[in-house]
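Next come structure tokens for two forms of one protein chain, structure 1 first, structure 2 second.
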Structure 1
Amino acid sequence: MDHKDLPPRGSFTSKFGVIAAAAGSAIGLGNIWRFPYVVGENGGGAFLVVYLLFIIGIGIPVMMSEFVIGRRSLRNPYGAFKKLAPGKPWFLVGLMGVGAAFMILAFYSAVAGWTLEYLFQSVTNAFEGKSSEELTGMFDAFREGSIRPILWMLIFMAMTAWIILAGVQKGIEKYTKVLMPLLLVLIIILDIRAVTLPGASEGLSFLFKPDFSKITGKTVLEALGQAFFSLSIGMGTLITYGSYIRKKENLANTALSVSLADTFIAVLAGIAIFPAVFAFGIDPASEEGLVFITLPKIFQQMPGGYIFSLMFFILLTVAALTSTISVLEVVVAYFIEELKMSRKKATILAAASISVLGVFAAASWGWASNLTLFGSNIFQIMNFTSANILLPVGGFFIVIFIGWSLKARIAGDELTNSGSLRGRYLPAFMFIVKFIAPIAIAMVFLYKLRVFGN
């Protein structure tokens, strides 16, 4: 293929670099902040079972599909569909992805801002001696403030833009592959502390003992949305990263490793949170505040808690950064390739315009708290719409595209590296992307809309 018409593309330079970048995108606040509170709101173990089924049956095939589209086309999501299906409306899926990127980056940066606030509070040892109620009050008071949540959001956005300016190799790869393993170690330490708290077992049962009577249309939709959000799929992030993957890498293995690592971290985060939630009498349905109330309680109960809490919030910030750079890169790659901007101009324009939305997300419990729809504030609307609607709809069209529009030979070619890998799973993969995954996604929506079932 000839790519002289394109600006020079970077690429990930090692196998570990690819996995680290994609896992860096997948692993983030979605695992540590979002997963526990969504599990808590949706009744625990049964949600976890549905979630895992969606990761395997839908998530991994969608991720493989995105890698195929990206590496085949060597383009941003919009350009990728234009190139692989010229003259057809598939590019709209790419455009929807760019729109989802705007929304996700806006509210995600607000949460990353909360993380920075908590890092700052860790430095001053502000959690010490506080009861669960006091910690809840502290979180609420901070979030209702008019300046700090916005300031931290903007600082975080600037950090993201700064890394993206450095470009693919110097920026993304370098930052992702060093710090992720450290985060894993820290979460395991937190797990050990949490499960040895008196009263921990109730939390473990909550997380691992499924009570299927708790499953409703909402639960199933939220499990699907969480699976998409956590794996960074459905909006072209992994199409974009796929376009930076070298031809010799194994796409299916990469998707599998990334999904495994992502799920593992989410479950480990759940193991840290729920035992502590029950041990300290925190409400498992504390919504977006759950980890920000629970974690400080765990740190209080640890020898060296001060240092651990500092390290944890630093690493969580880094985990958030390796996710936000992947989201911003979608928009930036689109601006560079389709609107012919320089990387610098594209980055500044994207970060600045998303920040405007981000201000509203960050102020959603403060001065913008009156702006609500069906009882949800702006942050909650962006969170719900992007994860539970835009990403699954995007994923639906991505698997339909691979299953029904793109020539089967092309997907086979990409997944086997032109026949040099075996790919014995290919018939099963094609069956899933043609039938299972799209039907499953459609059924979740129908179930939620009460077309059948409860």
Structure 2
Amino acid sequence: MDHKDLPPRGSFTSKFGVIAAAAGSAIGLGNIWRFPYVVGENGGGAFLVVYLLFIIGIGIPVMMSEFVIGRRSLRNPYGAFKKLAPGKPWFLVGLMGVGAAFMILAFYSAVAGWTLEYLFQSVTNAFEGKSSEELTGMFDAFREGSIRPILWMLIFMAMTAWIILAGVQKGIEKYTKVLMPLLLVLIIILDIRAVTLPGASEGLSFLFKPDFSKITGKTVLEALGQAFFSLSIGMGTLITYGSYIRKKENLANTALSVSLADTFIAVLAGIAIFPAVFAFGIDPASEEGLVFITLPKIFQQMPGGYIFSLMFFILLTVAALTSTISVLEVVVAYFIEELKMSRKKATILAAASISVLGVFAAASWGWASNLTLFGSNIFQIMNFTSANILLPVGGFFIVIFIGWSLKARIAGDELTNSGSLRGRYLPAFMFIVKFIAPIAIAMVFLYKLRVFGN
């Protein structure tokens, strides 16, 4: 397909717009509920140090690789590989990215629906006076319900589609430029409240005082996996967003800024959660229940808890929304460019078809609970398949493509803006994407599939 045959493409109009959108894609529920409990399970500060090293050493080069593919091709993931490697099967990597985005959004929108339910419960002060057992029962009863999990999932999908309908500049860029600063303000207010709790210092020392004796092979692999998945790598969002980045933007600086913003928000989430967890004597390794069971319990014991509960679940909703719009855009861009659809038709078709799968994900503990495979429900199957198979395999082939298939001159051209920027880091970048990143990603893949390390 010739470039002139493509529908007109949007692009981000400012550097802040690029960073807000790409950081919004990376910053999601994973930063605010998954990151703290993974830190909690793996010994706190020592895990954080290893995680930061992997973000810098591997996460940023892989993100730069996706940006290079997107901006060079000006296409969705599938179209990008078709253009950059015509007549070769690399397009299958792009197709897998579109498929991963489809699957991820189906179950992610179900979790995003939980945040809306808990925002509603916060508004109505439904946590007041409930014991931990009652809060657990409340969460289980909600997930096992027939209507509410599906209704909230559909509402969240409609919110996501509404933003995507408006396009790249008037939708994605406009809303992420508002939502990301809002997210930052909310999390800083929660941090201030958390660090002023009695006993908060214990939580801060858990997070920031590394005990390197706690580092094991498992810790290293978990940190590598968290760094990789935290940045939205391997699912097509960064290729898609890269295709909207103007030629004058510095891709390396953008990747660095996005990675730092993603890590900063994850650490701020830890500051908001761990002091409260320690102040009220909660196990920091409480897994997903930390957000939906433990924190409501903490909020009701805290002076001003109603307001802070409300703010926290608004924060979760905003974080979820900045991620869902990036994932839906992957599928919409594919429909627009490959199936020649209008943005309106593409958005409605993508949102509706993903919602069908999302209904089953949302009902995985309710009427669809009997639909299982190897003891896992539909939600768990989609979560495992995308996080542990599609994303690492996609990421692996992206770095193999940049390192071994695409001409080094092309990557260098994009990263130096046709020679107008210095590219002294290019030899190190190419070494990482050729050798270090593929090995690291393969290790995470094998670890997650329990081939070793478990």
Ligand code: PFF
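Basically, rigid core = biggest C-alpha set you can superpose within 1.5 Å across the two forms. Just so it is clear, the model here is predicted, and its values are computed rather than measured. All residue numbers here refer to structure 1's sequence, counted from 1.
Structure 2, not structure 1, is the form predicted on its own. Residue 208 is among the residues whose C-alpha shifts by 2 Å or more between structure 1 and structure 2 once the rigid core is aligned. Residue displacement note: residue 36 has its CA displaced by at least 2 Å between structure 1 and structure 2 (rigid core superposed). A displacement of less than 2 angstroms separates the C-alpha positions of residue 355 between structure 1 and structure 2, with the rigid core held in common. The rigid core superposition between structure 1 and structure 2 gives a CA shift for residue 217 of 8.7 Å. In the core-aligned comparison between structure 1 and structure 2, the Cα atom of residue 57 sits 3.6 Å away from its counterpart.
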